[in-house]
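Presented as structure tokens, the chain that follows is alone, the form predicted alone.
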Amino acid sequence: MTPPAPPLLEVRGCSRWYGPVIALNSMNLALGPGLTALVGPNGAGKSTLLRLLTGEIRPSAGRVLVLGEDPWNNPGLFRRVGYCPEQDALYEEMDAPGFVSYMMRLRGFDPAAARTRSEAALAACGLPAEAWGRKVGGYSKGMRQRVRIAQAVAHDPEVLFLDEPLTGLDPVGRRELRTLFRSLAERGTSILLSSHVLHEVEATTDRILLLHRSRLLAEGTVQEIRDLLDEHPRSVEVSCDRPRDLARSLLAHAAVEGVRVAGDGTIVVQSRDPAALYPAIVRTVVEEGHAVTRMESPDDDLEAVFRYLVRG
């Protein structure tokens, strides 16, 4: 039997503090290939974790491994790693291909290969070719972001760290880069993407690490984490023609904890057993002939999961 492949990223009992301030507290995680989002409010510890994984700082306790190696003071490792930090730092007097080529030269590529890779990466990141000859100092924030992501992916890294990579982009740009990230993940790259914009994360990937107050609160898919929150009743909203009649009938089902008429023909049904609740709603609607225009749960998205966990 073939042993399982080792994780590409490992954090073992890792803490980091700055004097009396604990930025990261006893964290353990292991990630393989694919796209994982690191989410949490500002100050949760996301940037500290990325700085540990990229070797900018060392843990105060515990250990960090990237591709099986300690990232601290390990320049050879970063020929295999890509990083787009949150800070906007470019060489303002260079044009975009020149900047990305320079970064590729620092990673060991010869001039011709560096130029070829830089142009391919800029095209993949959606920077218009007519802007390539201009100095990046005159670029818009969205254009600068595309250049910064291009330098992180041009060398085909095995691991890619992205800290708030969609900042400054318009909706079209966000969609284009989300598609790029998913494509890289499908090719086997391990991507850790940090964001505090929950709806952006949910549109990018279903795999999340949720940080709050320097700790890892939960990891998994949104649905897996939501299924762990048994102490919180699940809400289902149903819009129909006779909301009070439907509410009265649903209250008789064992799976239903409560029903509230919200107005505009909508009722909010609560249950700790959604697997039984949905069939009960459907059966009642069919048997009584209700005209239903909408049925959905507002508790299944990442925003609701985050709200529950933080409140708890």
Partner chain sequence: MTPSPLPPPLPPGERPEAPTVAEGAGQILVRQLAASLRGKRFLVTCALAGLAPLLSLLVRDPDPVVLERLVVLLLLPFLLPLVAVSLGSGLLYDEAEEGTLTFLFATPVSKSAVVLGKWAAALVSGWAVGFVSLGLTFAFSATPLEDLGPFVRASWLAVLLGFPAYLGVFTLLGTLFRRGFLAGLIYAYGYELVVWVFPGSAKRLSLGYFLRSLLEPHAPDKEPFEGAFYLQPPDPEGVCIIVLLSVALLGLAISLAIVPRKEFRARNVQG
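The shown structure was predicted, so the numbers you read here are calculated from the model rather than taken from an experiment. Residue numbers count along the first chain shown, from 1.
Beyond the structure shown, there is the form predicted together with the partner chain, which is absent from this document and is the topic of what follows.
>> Under a 4.5 Å heavy atom criterion, is G168 part of the interface with the partner chain in the model of the complex?
In response: Because no heavy atom of G168 falls inside 4.5 Å of the partner chain in the model of the complex, the answer is no.
> Does any heavy atom of A112 come within 4.5 Å of a heavy atom of the partner chain in the model of the complex?
Replying inline: A112: no, not in contact with the partner chain in the model of the complex.
>> in the model of the complex, does L192 come within 4.5 Å of the partner chain, counting heavy atoms only?
In response: Heavy-atom contact with the partner chain at 4.5 Å: absent for L192.
> Does the partner chain get within 4.5 angstroms of any non-hydrogen atom of L180 in the model of the complex?
Replying inline: Close contact exists here: in the model of the complex, L180 approaches the partner chain to within 4.5 Å, heavy atoms only.
>> Please determine whether each residue of T221, A276 and E296 possesses a non-hydrogen atom within 4.5 angstroms of the partner chain in the model of the complex.
In response: No, the whole trio is out of contact, none within 4.5 Å by any heavy atom.
>> To verify the annotation, which of these, A247, L29, L65, I57, has a non-hydrogen atom within 4.5 Å of the partner chain in the model of the complex?
In response: Contact with the partner chain in the model of the complex is made by I57 alone.
> Can you pick the one in E202, E237, E164, E158 that has a heavy atom within 4.5 Å of the partner chain in the model of the complex?
Replying inline: The option sitting close enough to the partner is E158.
> Only one of 45-53, 267-275, 252-260, 280-288 gets a heavy atom within 4.5 Å of the partner chain in the model of the complex; which is it?
Replying inline: That would be 45-53.
> In sequence order, which positions of 105-126 have a non-hydrogen atom within 4.5 Å of the partner chain in the model of the complex?
Replying inline: Going through 105-126 in order - heavy atoms within 4.5 Å of the partner chain in the model of the complex - the hits are R105, L106, R107, G108, F109, R117, A120, A121, A123, A124, G126.
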